[in-house]
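There is one chain below, alone, in C-alpha cells, taken in the form predicted alone.
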C-alpha cells in the first residue's frame, strides 16, 4: 500500500509547482505548455494537436494523455508533438492556456479538452470557434451547449453514463454491508457532471435498501489528499457507524484507504470508479470491492483524433448525425471475480485501436436529465 502514501506526497508537490508557475502569470503558463508569442497561423494540413487536462500524475489522466500520444504516433509524429495544457484543476488556467494556444496558432489547432467543470465549457468552445480552430471535449459541459450549434468547429462531446454503473457499485457495497448500516460518499468537484451522476447512482441504489443510511456526502474534488482529510473527518464524526464507503473516483479511494489504515481499519467495504491500474490491483486483492473502467486510453486517443481529422477535412462534423456529435463512451464494471482477467486484457497492455473508427466504442447519443 505504500504507493498511496507516495501518491499523496506527489500530489502535494504538484500543487506547489502549479502555484509557483502561476506566480509568473499567463506568459509563464504558456511557456510551460511549450508556447511562445508569435503571429497566428492559418489552418492547414498539419494543425497543432493539444490536450487540455487536469494533471498527468493522476493515473486516469495519464491514461487519457497516453491515448492521445498513441494517436499522435499513428500519424508518424513523436509523442512530443502533442502539446500538454495542464490546468491542475483550475478552470481559469484551462481557459487562459487555451486562449494562449489560439493566439499563437489561430485556426491551426486541433484541441482535445476536459473543460474541468461544466460552466467552463462554453467559453472554451467560443474561444476555439472564434479562432476558427477545432475542439472535441469530454466529461464536462452544460446541457444547453451542443456541438451542432457551432458548425464544424465544436466537433464533438463525449461523456460517460455514470448513473447506472455507480448504482451497480453501490449495490455491491451495500450487499457487502449486509444490507444495513451507515455509509459515506466522497464526491468529485460539485459542478462536474460525473460527480453529479455518480452520487445520483448511489441514491438510486439506496431506494432499495431502507435499512441503509447515507450518513454524509462531501466533495473531495477528485483529490487523494483531500479525500484522506475528508475521510478522517468522517471517522471522527461518525466512528463505528460507518460500515461502507462509496467513492466517486479511484484516486479518492486511495486517500480513503490510507485514512482507514491510520485508524487500524483494514476490512471496511469500499467501492470506487475509473478503473485505474492501481485500483484494479486493489480490486484483485479484495482491498476494493469494485471499480468502473471508462477506457481512458481510447477516450484520450479518439477525442484527439476527432479534433484532428475534422481540422484536416477528413470528415465534416456538420454532416454527421447528432449521435456522432454527442455520445457516451464505454464503461465496464470490474469486480473481485474478474479483476485479474480484466487486468490482463486492458491494463497489462493497451489494445490496438483504429483511430479513424471514431464511434466504434461509443454507446449512443447522450440523453439529458429532465
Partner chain sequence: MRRFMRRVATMTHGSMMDSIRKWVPFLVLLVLVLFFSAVNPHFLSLRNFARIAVSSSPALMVAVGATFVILMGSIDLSMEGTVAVCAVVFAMLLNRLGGSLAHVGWVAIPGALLAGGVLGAVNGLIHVRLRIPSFMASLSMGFVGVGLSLLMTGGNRILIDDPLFRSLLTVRVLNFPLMAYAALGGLVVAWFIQDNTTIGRNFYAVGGGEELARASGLNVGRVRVIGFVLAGIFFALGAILAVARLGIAETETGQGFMFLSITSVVVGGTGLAGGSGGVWNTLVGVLIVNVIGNGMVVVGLPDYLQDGVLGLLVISAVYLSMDRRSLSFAR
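In this text, rigid core is short for the largest set of C-alphas that superpose within 1.5 Å between two forms. Residue numbers count along the first chain shown, from 1. Every value quoted in this text rests on a predicted model; they were computed, and no experiment measured them.
What comes next is about the form predicted together with its partner chain, which does not appear here.
4.5 angstroms heavy atom contact with its partner chain in the predicted bound form for residue 343: Contact with its partner chain, no.
4.5 Å heavy atom contact, residue 261 and its partner chain in the predicted bound form: The answer is yes: residue 261 has a heavy atom within 4.5 Å of its partner chain.
Residue 234, heavy atom within 4.5 angstroms of its partner chain in the predicted bound form: Yes, residue 234 lies within 4.5 Å of its partner chain in the predicted bound form.
Residue 58, heavy atom within 4.5 angstroms of its partner chain in the predicted bound form: Result yes; residue 58 sits at the interface with its partner chain in the predicted bound form.
Stretch in contact, per heavy atom within 4.5 angstroms of its partner chain in the predicted bound form, of 99 to 107, 137 to 145, 212 to 220, 156 to 164: So the stretch in question is 212 to 220.
Triple contact flag 52, 68 and 94 to its partner chain in the predicted bound form, non-hydrogen atom at 4.5 angstroms: No.
In the predicted bound form, the residue from 74, 80, 229, 204 that sits within 4.5 Å of its partner chain by heavy atoms: In short, 229.
Residue (of 331, 335, 312, 62) lying close to its partner chain in the predicted bound form, criterion heavy atoms within 4.5 Å: If I apply the 4.5 Å criterion carefully, the residue I get is 62.
Shift of residue 189 between this form and the one not shown at or above 2 Å (CA, core fit): Shift at residue 189: 2 Å or more after core fit.
Post core alignment: residue 146 C-alpha displaced by 2 Å or more between this form and the one not shown: It does not reach a 2 Å shift.
Rigid-core frame, C-alpha of residue 261, shift of 2 angstroms or more between this form and the one not shown: Yes: residue 261 shifts by at least 2 Å between this form and the one not shown.
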